[in-house]
Structure formats: structure tokens, C-alpha cells
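One chain follows as C-alpha cells, the form predicted on its own.
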Amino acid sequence: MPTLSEADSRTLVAKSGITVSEWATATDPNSAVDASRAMGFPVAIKLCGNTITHKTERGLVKLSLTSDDDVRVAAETLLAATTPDDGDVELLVSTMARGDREFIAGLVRDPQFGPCVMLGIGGVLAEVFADVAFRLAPLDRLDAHELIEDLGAQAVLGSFRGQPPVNREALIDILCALGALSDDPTIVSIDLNPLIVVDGLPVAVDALVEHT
């Protein structure tokens, strides 16, 4: 299934109102350094392209870079890891979102039920809870609230390790935005993984859109 690059996927979901981490694209190590300086360290750098879908598995993500030299070496390494099958690529530089809680959210098209919005517990807690819930799309705010309530690990949504509770209205905004995107028949699926909770607010730090 064709995919949009992470940059194009981020642009699409951001236009719908979903908060994404600050980011920029770069074509070479020097422009990656410039982008990193502009947004402030630490940063993450990823290889970005329409065929780059399994970045972590291929080692195409470099995290917690704290200096010009770190960024330059990471950018050179990522560009050197490209293959002919990758096609046109660029570098995506993003701020590092810090938080102890992660969610996964997305839009899927079920063969039987049609478009559905998904929400689940992500990160290191995903394997512990295997906690995922679905609602038919599009959905209103009450539907989104009930979707959140369907998660078993409700404690993760409250105050956590000295951090404020998850802003449920902000999370509802994201779920409703995903549901609204189901109106576009060219969108097959959307994967926001992870949504990191930063000071109570969920922020998408990766996005992948499949399309027809």
C-alpha cells in the first residue's frame, strides 16, 4: 500500500488540528545542523521518504542528539544507509518530546465495519496492558470520550509520576480529527505512534498515512 512520507503525513494530520512535535526537513548534514540549532537541542533525526515505513527496524532513527557534531554524524549515517529501493529521501529533524506516558492512535478501515478510530496504550506499557479500543468514524465528542473510557488502564490517564493528568479534551480533539479524515476516501489508514504526553498534552511524534 502506498504511503506518504513522514513529512507529508505530519503535514496532513497537522492541518486537521492534530498537534505534532516541532519539525523540519533537511537535505544534507549542514542543513540538518541548521534546523537543529533553530529548534533547539536535543533533537531526533530520521530518514524520510515515501517508501520509508519501518524506520526503527532499519536503524533509521537517531534520538537525543545534543550537539552540532551529533547531528552531523547522525545525518551522514542515515544518508549512507539509503538503498536504491528507497527512492528520493530527505532528513526529518524533530524536537525530542519528553514524557513517561505514550498512546497510539489512528484510523483504520475495517472490511466489515468500515472506518474506525483506534486508541491504545503505547510505549513500554503496551506489552503489559495490550489495551486498545475502537469506535466507528466519524465520531462526535461523546463518542471520543467513551472511546477513552474504554481503555482499561484508566490510571495512566490521571496524575502520573508527578505529572498532570492527560488533557482529555485535547485527546478528544485528536480522535475527532482522525474521524473527520475518514471522509477522504483516498486515506486508507493513519498511524500516530506514539502520542507522547507532554505536561498533560498528547503530542504526535511520528505519523504514517497509507493512501490509495
Partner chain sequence: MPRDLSSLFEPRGVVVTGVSSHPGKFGFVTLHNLLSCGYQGEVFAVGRENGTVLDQPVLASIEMLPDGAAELLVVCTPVSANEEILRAAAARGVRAVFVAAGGYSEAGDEGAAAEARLVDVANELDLVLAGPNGQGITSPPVGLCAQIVAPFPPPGRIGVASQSGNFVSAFQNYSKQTEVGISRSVSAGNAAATGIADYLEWFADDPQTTVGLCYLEGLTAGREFFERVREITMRMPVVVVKGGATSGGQLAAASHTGALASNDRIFDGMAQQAGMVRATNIESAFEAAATFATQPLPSGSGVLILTTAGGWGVVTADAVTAHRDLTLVPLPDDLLTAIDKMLPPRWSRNNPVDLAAGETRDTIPELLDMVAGHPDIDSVVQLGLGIQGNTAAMTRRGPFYPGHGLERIVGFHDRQERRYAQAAAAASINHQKPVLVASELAVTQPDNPMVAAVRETDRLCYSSADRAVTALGLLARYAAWRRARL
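On a predicted model such as this, the values are computed, not experimentally measured, just so you know. Positions refer to the first chain, counted from 1.
The discussion below concerns the form predicted together with its partner chain, not included here.
Against its partner chain in the model of the complex, the set 54, 130 and 146 is in full contact: each member has a heavy atom within 4.5 Å. Partner proximity in the model of the complex, defined as non-hydrogen atoms within 4.5 angstroms of its partner chain, places exactly one of 131-139, 69-77, 95-103, 82-90 at the interface: 131-139. Only one of the listed residues (150, 34, 173, 28) places a non-hydrogen atom within 4.5 angstroms of its partner chain in the model of the complex, and that residue is 150. Proximity of residue 22 to its partner chain in the model of the complex: non-hydrogen atoms within 4.5 Å are absent; the residue sits far from the partner. Taking the partner from the other structure, its partner chain in the model of the complex has no heavy atom within 4.5 Å of any heavy atom of residue 195. When contacts are judged by a 4.5 Å heavy atom cut-off, residue 16 does not count as touching its partner chain in the model of the complex. Its partner chain is not drawn, but in the model of the complex it has a heavy atom within 4.5 Å of residue 210. Contact annotation for 100-120: residues with any non-hydrogen atom within 4.5 angstroms of its partner chain in the model of the complex are 104, 105, 106, 107, 108, 109, 110, 111, 112, 113, 114, 115, 116, 118, listed in sequence order.
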